[in-house]
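Only one chain is shown below, in structure tokens, and it's the form predicted alone.
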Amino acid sequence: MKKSLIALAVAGAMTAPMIAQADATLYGSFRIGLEQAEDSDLDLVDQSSRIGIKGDVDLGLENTTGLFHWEANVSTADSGAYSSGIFGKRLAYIGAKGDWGKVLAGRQYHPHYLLINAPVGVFNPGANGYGERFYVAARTLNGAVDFKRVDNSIAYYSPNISGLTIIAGGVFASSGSDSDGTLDDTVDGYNVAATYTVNGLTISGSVASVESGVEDTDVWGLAVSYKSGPFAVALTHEDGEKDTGTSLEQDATHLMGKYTVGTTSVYARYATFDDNSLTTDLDQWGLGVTRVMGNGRVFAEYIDNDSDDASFGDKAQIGYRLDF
């Protein structure tokens, strides 16, 4: 028994330097909230908790470093943490970076989501009822591919040139562009985007398309954000067309404002959504306050969903989040 313990200790000592040289970071974000939804009981709910590992790899090349990133769902509030919910799809990609920019391949955030949707994603909960329901590109039907985290994708990010970054990418899924069961040689999706930042002002634009067999989506978007001292504002607009056998035209506009004093932030957002299949436009507004405490935070948020939006009622939540 003693010999086994000694052998294990020696093996651990020899392995530790190798792990250190890998330059890998284990991280996580655990989030839970006590939610009161309209016409529903009080509920303790998970809010997109996740765990992941990321890092760089020495390729032995001048001015080029390999990179990897894996991230999965976990749950703080239900059995999903130990059953089908654990290690659910979030991110899984590899790539390389240098002064020439970076290339990523695998399941990654779609550039359209990063540039057009994320600037107004001020609320802590990630659920549709708190705002993502009104993101045109990420609002899918029939289980179609969305524009948030996309499988089978490759993206190139140019280096930052005087505040300007250009992004181009494609989706390559051998049987993803139609439903006839045969393999395809065509590109199943693309994205061309650019973002420019100067003196706290950021302007971004994106044009994208994804074909999934059950839904084909074409979308463009613009985003303008500005940060000065404690103030931050953002305005975004998306316009898209989706073909599911019937053509749907959709557009959405979001306006967000945020004021931060010390470790406390107060924020608000207004969104409007229009779909030619609906008899009325949908509106949503929300208010929130967050207090940061080191690597933790507490928050209280309220969302008012349009009474014409039958799928979602009003929601209020107090929550707690820990990051490491």
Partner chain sequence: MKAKLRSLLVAGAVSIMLSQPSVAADVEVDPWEGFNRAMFSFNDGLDTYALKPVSQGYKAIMPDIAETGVSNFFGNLSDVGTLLNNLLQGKFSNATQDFARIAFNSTFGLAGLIDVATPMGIEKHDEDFGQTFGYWGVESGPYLVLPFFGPTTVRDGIGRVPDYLVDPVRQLDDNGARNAMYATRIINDRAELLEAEKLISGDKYTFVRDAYLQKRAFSIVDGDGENYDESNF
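Numbering follows the first chain given and starts at 1. Computed from a predicted model, the values in this text were never measured in an experiment.
In what follows, reference is made to the form predicted together with the partner chain, a form of this protein that is not presented.
Colleague: Can you pick out, from S277, T264, N63, N295, the residue that has a heavy atom within 4.5 Å of the partner chain in the predicted bound form?
Modeller: For this set of options, the contacting one is T264.
Colleague: State the residue from V289, A37, L67, L255 whose non-hydrogen atoms include one within 4.5 Å of the partner chain in the predicted bound form.
Modeller: So the residue touching the partner chain in the predicted bound form, by this definition, is V289.
Colleague: Any chance Y270 has a heavy atom within 4.5 Å of the partner chain in the predicted bound form?
Modeller: Output for Y270 is no: heavy atoms all beyond 4.5 Å of the partner chain.
Colleague: With the partner left out of view, is A300 within 4.5 angstroms of the partner chain in the predicted bound form by any non-hydrogen atom?
Modeller: Yes, A300 sits close enough to the partner chain in the predicted bound form that at least one of its heavy atoms falls within 4.5 Å.
Colleague: Just checking whether W285 would be counted as a contact of the partner chain in the predicted bound form - the rule being heavy atoms within 4.5 angstroms.
Modeller: No, W285 sits far enough from the partner chain in the predicted bound form that none of its heavy atoms falls within 4.5 Å.
Colleague: Can you pick the stretch from 23-31, 49-57, 277-285, 255-263 whose heavy atoms fall within 4.5 Å of the partner chain in the predicted bound form?
Modeller: Heavy atoms within 4.5 Å of the partner chain in the predicted bound form occur in 255-263.
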